[in-house]
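Presented below, as structure tokens, is a lone chain in the form predicted on its own.
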């Protein structure tokens, strides 16, 4: 279905098995999208550029050690979490979303790809207070979920001390980062770096790496309503 050469131009490290899995993934997205609203992007080259290569850009700027644990918060149709798992099957991946239907789709796709991941049906602010998930992960990722000052409160509680929250942002990344400085500090984080780049078909993108240098106070994350009304 997809143009594998196009995918290889942005991710030349992918082997034949990964390319075949991405092809199956794209086909399944299109099929499932007729039953449930997963993505507005269904044209094959657009899926490659705006979903696959956008997700895989994380690997260009962040070193994920062998066997690292990663939680993808608000994973939706599996971006970036499932895309990263296809490229790096060694990752211990958890896909979290509040919409059960989307997780059922991801479960079916994982079966077809012969890959495994933990699927968690919870709201992020609830899971972040759950001992099974709180400060248990080397990395937390999120793509297009909320403004960074709010997103940090959703994601940093999942990250162990010494781990990283990886936020994927667009053209407003600098402003969002400036607005989020207080929230990041309060939640135990410190900005490690921000990499800005142009992605063909996607415009300006940014990957912000936030290191967890202190434990997150137990009063965070707050309920979603409080986060939005009174962001840190």
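Given the structure is predicted, the values throughout are model-derived calculations rather than measurements. Numbering follows the first chain given and starts at 1.
Missing here is the form predicted together with ligand SAM; even so, the following discussion is about that form.
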Answer range among 95-103, 82-90, 108-116, 130-138 for contact with ligand SAM, defined in the model of the complex as heavy atoms within 4.5 Å
95-103
Exactly one residue in 71, 148, 124, 156 has a non-hydrogen atom within 4.5 Å of ligand SAM in the model of the complex; which is it?
124
Partner contacts for 75-89, taking ligand SAM in the model of the complex and a 4.5 Å heavy atom cut-off
75, 76, 79
